[in-house]
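One chain is shown next in structure tokens, namely the form predicted on its own.
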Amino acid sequence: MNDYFYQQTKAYFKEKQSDYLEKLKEPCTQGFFLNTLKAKKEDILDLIDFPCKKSSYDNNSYYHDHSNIGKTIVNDLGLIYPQEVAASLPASYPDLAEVKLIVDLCAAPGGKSIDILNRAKEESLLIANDISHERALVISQNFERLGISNAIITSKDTDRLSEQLEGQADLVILDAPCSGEGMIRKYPEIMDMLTESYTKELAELQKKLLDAAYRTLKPGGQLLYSTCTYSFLEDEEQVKNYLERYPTMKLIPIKQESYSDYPGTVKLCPLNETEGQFFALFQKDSDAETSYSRLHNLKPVKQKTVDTFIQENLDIREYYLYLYNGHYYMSQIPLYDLDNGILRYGIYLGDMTKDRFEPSHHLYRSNLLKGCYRHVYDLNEEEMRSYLEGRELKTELPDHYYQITYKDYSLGYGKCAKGIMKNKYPKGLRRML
């Protein structure tokens, strides 16, 4: 065993160290939470066809032992999000009653953002960022599957983003890059990376990100800080130093039994029948001296072919149509102009190909548009299997684009022409059942 990690665990868990080290020999826990933006809790549970057990930490998260939860129908339908139960706990603590703008500075793969939106008001806007373009694409894919629509996905340096959003956010989420000690059961190779210098390097990065979070917050705004490590330097010391650095920030104490050495913060580990997670909740004083950025709304466009498509296929009266990097996006609320580094603005509507408009998969997965699709085809079980495998379907329906659903939950879309429903399910998602 890595000697540095062994000595650190002695400091973290004291007389419980041997119990903790024994727990490392056990398989990691697996979990998921319910996407209640898409359906009611009881309706989702009715569709789950594998054993699961409700977590005692959060009413919306569950343990499971499925060997590949990504290949279940509830996952295909975007009704669940695979995430370990300890990682789902932080989202239950911010007060979301008056939250309008949420900024997730290091959002990939998107679980905490989605979990927060599950609990926020429908009109809340999320800006989900990751400096890595590749990881930001994963956010986009996950948001598409779960139907997340009131969101802007960005891939920017956090300093640049905090400069653009200075003093604007009601809630900032910072699930910071960390040494990952809490994930060793899932990724044993983490053990080989752990050194004192590596931990210090990450702590410096976290300090920089916490400074960006402070700039982004409006007076009275909340900050949710989390890691998946046990390191004092990355956890308790970061909290202590942050409060000293910014006297206008206060800690909102959380009552939860844990292994944290800083009162009011939470640290869970395999001894709690979870993987590792640390988190703390802060609030900026309502009278804190704050600079404000000048945000401008993105300018809507008009495009006859696209607008005609919307009116023929969606039962909505008011919307904002945007054009960015050659792609058309739609939103039912105004969206900010954040210049470059944008992967997605609201609902990805589709693209013009010569003089024809081709809609996107995301358009037909959107939670915000539930009940707005004019043409819907609900599959039986045999047709659902064929659709997920990428096959065409025979039908006597009139020629139109159709939202394709199973048990009234969206899977995607198809285009009916001369009795054949052409399959528009993305090739990268197709699988044999």
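Note that the structure is predicted; figures quoted are calculated from it, not measured. Start at 1 and count along the sequence shown; that's the residue number.
This protein has a second form, the form predicted in complex with S-adenosylmethionine, left out of what is shown; the following refers to that one.
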Candidate stretches 340-348, 122-130, 88-96, 250-258 - the one whose heavy atoms come within 4.5 Å of S-adenosylmethionine in the model of the complex: 122-130
Contact flag, Arg135 vs S-adenosylmethionine in the model of the complex, heavy atom cut 4.5 Å: yes
Heavy atom of Ile333 within 4.5 Å of S-adenosylmethionine in the model of the complex: no
Any non-hydrogen atom of Gln83 within 4.5 angstroms of S-adenosylmethionine in the model of the complex: yes
Partner proximity in the model of the complex: Thr158 to S-adenosylmethionine, non-hydrogen atom cutoff 4.5 Å: yes
Position in contact with S-adenosylmethionine when the complex is considered in the model of the complex, options Met191, Ile316, Leu205, Leu271, heavy atoms within 4.5 Å: Leu205
Listed residue (Leu323, Leu209, Ile310, Ala288) with a non-hydrogen atom within 4.5 angstroms of S-adenosylmethionine in the model of the complex: Leu209
Stretch 168-188: residues contacting S-adenosylmethionine in the model of the complex, 4.5 Å heavy atom cut-off: Asp175, Ala176, Pro177
